[in-house]
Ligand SMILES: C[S@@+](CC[C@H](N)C(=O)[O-])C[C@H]1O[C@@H](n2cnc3c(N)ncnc32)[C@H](O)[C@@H]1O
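In structure tokens, one chain follows: the form predicted alone.
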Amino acid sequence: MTLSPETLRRRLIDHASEPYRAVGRFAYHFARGKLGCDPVFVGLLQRGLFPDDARILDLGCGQGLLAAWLLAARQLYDAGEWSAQWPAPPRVAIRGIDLLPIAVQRAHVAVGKRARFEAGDMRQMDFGQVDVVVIMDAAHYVDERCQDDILRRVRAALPPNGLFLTRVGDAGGGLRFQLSNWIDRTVVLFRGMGWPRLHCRSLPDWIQALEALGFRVETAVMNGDLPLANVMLIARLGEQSGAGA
């Protein structure tokens, strides 16, 4: 059954958030709110960024929403419910790492054996060998020296045609950047981790750090209608890519 993009989006939100009912009201409503309001989830599917049969490492995975989203997308596609305006979603194998054991436990309960989740610090965990590494809105919680070390380890974990996806706050974004920081700090405080110190960089600094490691970087704004300074960096190895907006 061919669905309109908006109908498919609603079906995806329902399908991906439903397993979190077993975790509790907070986890379920957080999943629905995040999947429904953050345009990055739809954007990843619309752009067809993930290769089929990809091994994905999700650093800072939280309660496993990216895994739940991608798995729900493939299930709907296999059931014949998709939009002709979106590329086919990939089959994926997902490993998630998060610092908070409670978030990892929620991911285990909701997503179950369909993905692998571990509690740990991405500054210390072994990344293994994967096809795609994802860090969404999490790199700025560690200092610049650790950021550079993580980027080097991401590069080492990827094959010659590997893909690194990260959304970062552009420190050169003025008032939009200040709003982004306030939201990030509020979310972390709400999660019981106190008022964090953030280590943000300008967009040119992020791009320079990735290009120094051999990545070719495309940028994509994925804020929807929100006046934020968050930018998706689509960093590829082994191929040319143009800069987007």
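The first residue of the shown sequence is 1; numbering continues from there. Quick caveat: nothing in here was measured; it's all calculated off a predicted structure.
This next part talks about the form predicted in complex with the named molecule, which is not shown.
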query: All of Arg152, Ala157 and Pro160 with a heavy atom within 4.5 Å of the named molecule in the predicted complex; finding: no
query: Heavy atom within 4.5 Å of the named molecule in the predicted complex - the one residue of Ala31, Ile56, Cys61, Ala68 that qualifies; finding: Cys61
query: Heavy atom within 4.5 Å of the named molecule in the predicted complex - residue from Met136, Val130, Val92, Val111; finding: Met136
query: Heavy atom of Trp86 within 4.5 Å of the named molecule in the predicted complex; finding: no
query: Exercise: Asp126 in contact with the named molecule in the predicted complex, heavy atom 4.5 Å; finding: no
query: Contact of Tyr77 with the named molecule in the predicted complex (heavy atom, 4.5 Å); finding: no
query: 4.5 Å heavy atom contact, Ala72 to the named molecule in the predicted complex; finding: no
query: Neighbours of the named molecule in the predicted complex among 115-153 [non-hydrogen atom within 4.5 angstroms]; finding: Gly120, Asp121, Met122, Arg123, Met136, Asp137, Ala138, Tyr141, Val142
